[in-house]
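Below sits a lone chain in structure tokens, taken as the form predicted alone.
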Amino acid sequence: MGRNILLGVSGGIAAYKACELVRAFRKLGDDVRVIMTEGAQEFVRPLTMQVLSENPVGTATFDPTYESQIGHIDLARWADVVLVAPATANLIARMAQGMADDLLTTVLLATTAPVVVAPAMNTQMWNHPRVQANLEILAATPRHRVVEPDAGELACKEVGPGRLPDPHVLLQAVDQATTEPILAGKRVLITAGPTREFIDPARFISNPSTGKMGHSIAQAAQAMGAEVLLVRGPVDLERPFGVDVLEVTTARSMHKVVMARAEEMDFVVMVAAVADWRPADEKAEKVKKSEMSDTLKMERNPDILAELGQQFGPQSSSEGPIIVGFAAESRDIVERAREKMKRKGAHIMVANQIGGSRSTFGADSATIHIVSERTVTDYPADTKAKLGRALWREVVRLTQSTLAP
């Protein structure tokens, strides 16, 4: 079940970016309602937001039609979180003074939900002492979180701070506002994506992994308060906001990084689809097709999960991280995951399906089964973002006694 997201849009040029935010939240399965100030409607029509959110849009405090469907006080109670994006200097001033002179400011005073404020304005306006003083008032107010604007070239051609951050940054801020910090103080290493094993500069062996699950798990851990290191193979994904990222290509390069950093972590989550084999003789120059053999001699890559299990797993005497492995299977998913957990020496194994219409590779959703020594917890098909949060809640539950200070 998704969250109830209330998006407040005020009258800045960045108002058009709110359309992207609505689509992003809806893609995650969240229910979105939008309130637009009078100024915002000069940049984006309410009908656009209504179509994207699939809900009526609030524009006036005393709109009889809107109030008959969901009153402004009911709306304040309905919201799990409020995101104000963009927040203009004018709106920030009115919020700081506790004014209730339109629908948005009235709801902001009435709600008890967390409020995430994303300022966007001209650089000189952003730097003005009164604007900064108003932001300090908001930041000191319980439940309020202020997201720093990005720096760059603005619509007015000035260069400096004042740009509305990209949607993935604001989505992460909303995640943090709505997520219990159950990983506060913990250090987490997560691997994601495929590896590539080169035959020559033009050819390599790999797999269809996109890294989406690993990125979702990393974003969830960061939102829950962890210090996160993401070790990722070649993927076409944005770097998760607030997460340290190390780029690798081959299984051996991933092995080197993970084994060097694992001991300092509280959790290591091996989501990456690491190639089991590599060409025995990688050519420095491209091999002509006419010169290629019908056979390719291969050799095994290091088994990162097995080494982690041997060094830190349940049967090891060494203190170290909780090891969480992933088992991508095409049949007998849970049974094979349990066998892999024992064979590799992991504390927990997450099983998911590859192949067929329900394959996790490349998909935005998945079905997972979290396998421990005594239990199996099944999660039906859902977005990978939600499954990332669910996974951490279950992993923390299973390991609370182990990690108790």
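Each residue number is its position in the shown sequence, starting from 1. Keep in mind the model is a prediction, meaning the values are calculated, not measured.
Below, we turn to the form predicted in complex with a small molecule, even though it does not appear here.
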property: Segment assignment from 136 to 144, 269 to 277, 113 to 121, 312 to 320: heavy atom within 4.5 Å of the small molecule in the predicted bound form; result: 269 to 277
property: In the predicted bound form, the one of E263, E299, D244, D303 near the small molecule [non-hydrogen atom within 4.5 angstroms]; result: D303
property: In the predicted bound form, the one of R26, R338, H369, K344 near the small molecule [non-hydrogen atom within 4.5 angstroms]; result: K344
property: Exercise: G325 in contact with the small molecule in the predicted bound form, heavy atom 4.5 Å; result: yes
